[in-house]
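Coming up is one lone chain in structure tokens, specifically the form predicted alone.
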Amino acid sequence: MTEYRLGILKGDDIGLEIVPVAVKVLQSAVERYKDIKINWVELPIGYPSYLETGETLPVKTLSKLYELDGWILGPIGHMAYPQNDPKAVNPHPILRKKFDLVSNIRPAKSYPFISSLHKEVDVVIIRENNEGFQPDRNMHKGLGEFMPTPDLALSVRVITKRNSEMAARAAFEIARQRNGMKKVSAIHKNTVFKLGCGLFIDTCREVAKEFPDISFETVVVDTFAMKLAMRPQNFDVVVTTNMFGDILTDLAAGLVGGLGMAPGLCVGPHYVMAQATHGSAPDIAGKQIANPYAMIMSAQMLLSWLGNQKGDISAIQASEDIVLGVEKVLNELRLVTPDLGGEASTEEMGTAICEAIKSMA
């Protein structure tokens, strides 16, 4: 019996609808295997937590997360938080930094009957998560952005060998696990950022030597953006720095149907967090029309990652069952939400996936 301690953090707006559906799907998959046990812990976060406790990220939530293997985090609508209250913080960059979630894994996959700009796309982009130009997480104290005069703004970009190596290693390990081309593409701009991107790409080359079974290439970021838009089928696993990855993963999502089709997983040496790429969509919250795909597949990635880390064959198989259940609903049953061309509610689409899993031999 392998036990997992997993947190449920619903987040804001549509998170209150899609996170329970993702948990329900994961439970349906795991129930088929008697040697897996999940201990669920629901914790307050986001604006509902602020209304209840006066904090968007309570200390008790942070403390409890250290006791878990991983957690599911719903979308955060931090732009609507009170701007002058220090207790109304944006939780997700704090979680990424505090729990050393260095690698942000974001797949983009097309499906035959889902409208998209490209078909036969199956690419995974690994984005370094805690450095780069992002000023809310690239310093130990303070922010990496400042204004010496009213007319001058400076932003500091941070690149370390340690985080670059962790992101690169995650990329090669994922390429080894996948059934794709067994290729890693490292994206950079060392033609301009000779030191920052130079350190990143040199580190990727060093890691590549440890994976002789995986082919490796480097691509300048602007060239890669063009190639990704024109022929995404040529890429398998991609690794890049924080800001480039933030932009390119949204581009990849746009190629396969939008951010509703963009799951994500943040991983580090000790913890893992399932977090869909999209926002909290307050305009459709409470209407039961939010697409749960990205959140469900983020939870699937969470189970798969933990299963691979623990060598748990049943957990890996349960995660693959989720993939098959999702594919059946998208490709055969077509029980999908309005953004995907269907008429199903969030709950109905999740239930259909659960039933598809349960009906498997």
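Owing to the predicted nature of the structure, the values given are computational and were not obtained by experimental measurement. Numbering starts at 1 and runs along the sequence shown.
Keep in mind the form predicted together with a small molecule is missing from the figure; the text below concerns it.
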Does the small molecule get within 4.5 angstroms of any non-hydrogen atom of residue 277 in the model of the complex? yes
Contact with the small molecule in the model of the complex for residue 281, defined as at least one heavy atom pair within 4.5 Å: yes or no? yes
Would you please decide whether residue 348 lies within 4.5 angstroms of the small molecule in the model of the complex, comparing each non-hydrogen atom pair? no
Is it the case that residue 247, even though its partner is missing from this view, gets within 4.5 Å of the small molecule in the model of the complex, heavy atoms only? no
Heavy atoms within 4.5 Å of the small molecule in the model of the complex: which stretch in 107 to 115, 257 to 265, 213 to 221, 134 to 142 meets that? 257 to 265
By the heavy atom within 4.5 Å rule, which residue out of 237, 102, 252, 290 makes contact with the small molecule in the model of the complex? 290
